[in-house]
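Look below for two forms of one protein chain, each set out as structure tokens: first structure 1, then structure 2.
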Structure 1
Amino acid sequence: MLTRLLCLIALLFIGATSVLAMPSQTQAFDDPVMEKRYQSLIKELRCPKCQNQNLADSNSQIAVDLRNEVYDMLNQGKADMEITSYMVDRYGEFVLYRPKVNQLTYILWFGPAVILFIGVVIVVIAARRKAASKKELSLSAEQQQQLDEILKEKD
């Protein structure tokens, strides 16, 4: 009985926290295209406070404010690029989930590929060294023949 009660309390707690974790969507759209643009924009823009959540997923107050700002700018007829530029001007490149490729973001864009390349080169070099050391350890035909003769003499 106590176990069932604890399970029920745990389920209620999990359900309540998951409901609280979901951002509330209060904007209403008459045009489905505009709603799609809105959803796309708030998924592409990062919450300045939460750092690893986009505006769509964040519950912070600044994310709510920015979602409202995006909604207002869409209703003012601004293009997606204008809205994105406004956010970048205000919060920097950090606000973009996919920042532009420039001198400041080369490491971000190409760093993982460079690290992967370096890792592959290290693995290839290590494999070649291991193969070369095995080759050095193996006996030549002449050495093997001498070894066989020595072993025969001992027997």
Structure 2
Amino acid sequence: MLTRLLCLIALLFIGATSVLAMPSQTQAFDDPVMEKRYQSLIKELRCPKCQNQNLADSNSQIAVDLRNEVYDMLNQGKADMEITSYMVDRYGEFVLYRPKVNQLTYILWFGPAVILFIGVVIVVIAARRKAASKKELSLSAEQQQQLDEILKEKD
């Protein structure tokens, strides 16, 4: 009984959040290609007001306005590049979820690779040191021969 109740509550929550996450209004296109471009553009562009959402997810007034702007520009036959640079001119690089590669964003683009490289270097150095210390412990050919002779004498 209790599990049922919990399931019901959980379902209610899922229902509520999915309603909240829906943008209040979406645009319709006759052309499926345009529709696809529209959808990908509003997913690539960040809402300037609610900064962890893209234009597609946000319900804020500015996101609605910017979605309409994207819609209008697409209908005017503007290229995707033109639309994104229009947004960047007004709201800065920030509106792009995938920022351009430039001096400001080098650390974003290459930071993880650099950290991975450093990690690999450390692991390699550590492994080599371990191997080297093992080598020091092992006997030279001459020592091995001596050891063999001693052992033989014992027998």
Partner chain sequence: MGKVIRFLPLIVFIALGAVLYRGLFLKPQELPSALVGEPVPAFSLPSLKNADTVLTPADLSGDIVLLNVWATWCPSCRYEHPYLLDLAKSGQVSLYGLNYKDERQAALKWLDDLGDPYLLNVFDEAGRLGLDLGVYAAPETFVIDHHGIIRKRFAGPVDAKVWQQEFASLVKTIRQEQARGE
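Note that this is a predicted model, so its numbers are computed, not measured. Residue indices: 1-based, along structure 1. By rigid core we mean the largest C-alpha set that fits within 1.5 Å across both forms.
Novice: Between the first and the second structure, which is the form predicted together with the partner chain?
Specialist: Structure 2 is the one predicted together with the partner chain.
Novice: Taking the rigid core as reference, does I62 move its C-alpha 2 Å or further between structures 1 and 2?
Specialist: False for I62: its C-alpha shift is below 2 Å.
Novice: Keeping the rigid core fixed, work out how far the Cα of G119 travels between structures 1 and 2, to one decimal in Å.
Specialist: With the cores aligned, its C-alpha sits 6.4 Å away.
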